[in-house]
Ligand SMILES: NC(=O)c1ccc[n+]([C@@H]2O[C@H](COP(=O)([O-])OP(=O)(O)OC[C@H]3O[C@@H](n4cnc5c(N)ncnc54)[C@H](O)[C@@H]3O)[C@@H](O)[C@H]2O)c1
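One chain comes next, on its own, written as structure tokens: the form predicted alone.
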């Protein structure tokens, strides 16, 4: 790796970008972090960690914020860097099509400072073919450079919120280039701060690896949810059956209220939509069915909650129901695609006297979501969506 390419900019200092920038800085490399959130940049530069739930990040920000890691809202401040790592979100719209608006804006801004010989590595999860397709085209259009004038690669983030630092330092990470030369250069750069790194044959392969992981989880969670419902109809303890069914050749996942977060409920749509666009509908039937099964789990649990309410000697309309936790995952203050939040809202739509308690949220946080807060002890029925348990607290 040339000394020039060791000057790294990370574009996007969110839940994925900031831990990555901190790990790079901790490896001894100077990092310029670019993020449009000016307050976040100020906090980082004074050593204040804006993601307190991320284990190990506070120490790194305190040690390197404003020193080896300098955050800025201005792309121009990263002009002297030779490696640009882009890690901004791609969501799906109301029709489950990928929404590239944030990515496009970031790449157009980056293109204005991109120079001949620079390396761009994309880390955002998106449909296979994006790196060599629209992403490259946006960089060419905004920079005025030819595609051969800069190097381009892809290395999907493989972190987990709350465990990002350990994942970056220990978990296998893949990287692939638009061409062989880009892949080799990107591998050399990343080897300076990623220990368990694997070079694959192309950016498209690296893109597919990440999407496949999300699809695997979604399909297997859907299977667990379906088996869970079947077991109840057959009078079988699902958890006992699962414990004894699992071995090295069989790993049944845990059932749930569905699948939430920025990853698993989103990635299957990248492949579903691409296959539908090509009119290969039969190639994505399992992925679509899994999405439907997981999204419909809040309807299943709403009915289960009503059944439990009917066991209580009070009119249904006067039973105080408490959902204990509305984030998409326990211990993480995030709500994107949260099925637990969806469940609380569904119960309200059904006219039930529904409340929320979440150890991560204040009463004002709950109200800001359009929900009502309650002390769990004051509820008639308490449903814990993370443990899938019911409780009738004693008054």
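Numbering follows the first chain given and starts at 1. All figures in this text were calculated on a predicted structure; none of them were measured in a lab.
Note that the form predicted together with the ligand isn't included here; everything after this is about it.
For the chain shown alone, residue 26 is not a contact residue for the ligand in the model of the complex, no non-hydrogen atom being within 4.5 angstroms. In the model of the complex, the ligand sits beyond 4.5 Å of every heavy atom of residue 371. Although the partner is absent from this view, residue 182 stays clear of the ligand in the model of the complex, with no non-hydrogen atom inside 4.5 angstroms. The closest non-hydrogen atom of residue 105 lies within 4.5 Å of the ligand in the model of the complex.
When the ligand is considered in the model of the complex, only one residue from 139, 81, 302, 263 comes within 4.5 Å through any heavy atom, namely 263. Contact with the ligand in the model of the complex, defined as a heavy atom within 4.5 Å, holds for exactly one of 210, 320, 173, 242, namely 210. For the three marked residues, 11, 14 and 157, a heavy atom of each sits within 4.5 Å of the ligand in the model of the complex. Comment: 36 to 44 is the region of 343 to 351, 357 to 365, 62 to 70, 36 to 44 lying near the ligand in the model of the complex, near meaning a non-hydrogen atom within 4.5 Å. Residues of 124 to 150 that come within 4.5 Å of the ligand in the model of the complex, judged by any heavy atom, are 124, 125 in sequence order.
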